[in-house]
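Shown here is one chain on its own, the form predicted on its own, set out as structure tokens.
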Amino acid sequence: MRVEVFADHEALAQAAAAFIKDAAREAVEARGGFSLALAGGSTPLETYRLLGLDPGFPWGDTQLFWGDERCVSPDHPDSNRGAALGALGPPEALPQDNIHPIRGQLSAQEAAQDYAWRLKGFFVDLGRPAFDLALLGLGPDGHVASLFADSPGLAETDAWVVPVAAPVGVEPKVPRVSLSLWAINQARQVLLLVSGAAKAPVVARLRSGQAPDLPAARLRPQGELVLYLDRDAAGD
């Protein structure tokens, strides 16, 4: 795992946007397109805003996916889809057909089945969800996407997408849909974005290597795992 620490949230967002743009250019050059799984939550929103304003980003060759979603309508304040697209713009250069959201307006079971079906259609030639880059946030309890400590999605070795019951200690308390850990680990790269002092304790546990029980500690992408922190999240 490569770890980089930035002065504040703004510097983190700028570095993350540059990282994503570089990954996009490399993917387009190597494979003719860029598949990006977006993270939910508030941490990546400034990164998305910066990307949406970048006229040099290869939006026409980019396919957008999501790592997880809350089971709410797309216009609900808790929708990962709505928040990400609102922050992105979305840019005019991004074709509507290149946006592949999780349909949170469905039940968790229905949305998981629908998303898995569409992912398998997109990645049919590879037989696995080989995102060029998966963005993730980190919860104070160490969860990533909507994979909590007791999630069956952590042990899955076959399902690409899993329904998730409403979490007890994490807001919002609504059912969710998430990529399985196996699916996330098929990504060529994973970029984990963490901001704020509230995350410092779990970051310390993750970096110590002494917390194998944390969902985030089980990330094993096909290529590089990168952890971007702001100074508050890095702690001491």
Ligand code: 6PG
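The numbering used is simple: start at 1 and walk along the sequence shown. If you're wondering where the values come from, they're calculated on a predicted model, not measured in any experiment.
One more form of this protein should be noted, the form predicted in complex with 6-phosphogluconic acid (6PG), which is absent from this view; the next part is about it.
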Exercise. Quick one: is V144 in contact with 6-phosphogluconic acid (6PG) in the predicted bound form, heavy atoms, 4.5 Å cut-off?
Worked result: yes
Problem set entry | Contact flag, V164 vs 6-phosphogluconic acid (6PG) in the predicted bound form, heavy atom cut 4.5 Å | no
For this session: Mark T62 yes when one of its heavy atoms lies within 4.5 Å of a heavy atom of 6-phosphogluconic acid (6PG) in the predicted bound form, and no otherwise.
Result: no
Problem set entry | 4.5 Å heavy atom contact, P101 to 6-phosphogluconic acid (6PG) in the predicted bound form | no
Seminar exercise, completed: Which of 36 to 44, 201 to 209, 180 to 188, 49 to 57 lies within 4.5 Å of 6-phosphogluconic acid (6PG) in the predicted bound form, heavy atoms considered? The stretch 36 to 44
Problem set entry | Among the candidates L133, L88, L138, L94, the residue which, in the predicted bound form, approaches 6-phosphogluconic acid (6PG) to within 4.5 Å (heavy atoms) | L138
For this session: Residue by residue through 55 to 78, tell me which have a non-hydrogen atom within 4.5 angstroms of 6-phosphogluconic acid (6PG) in the predicted bound form.
Result: D68, R70
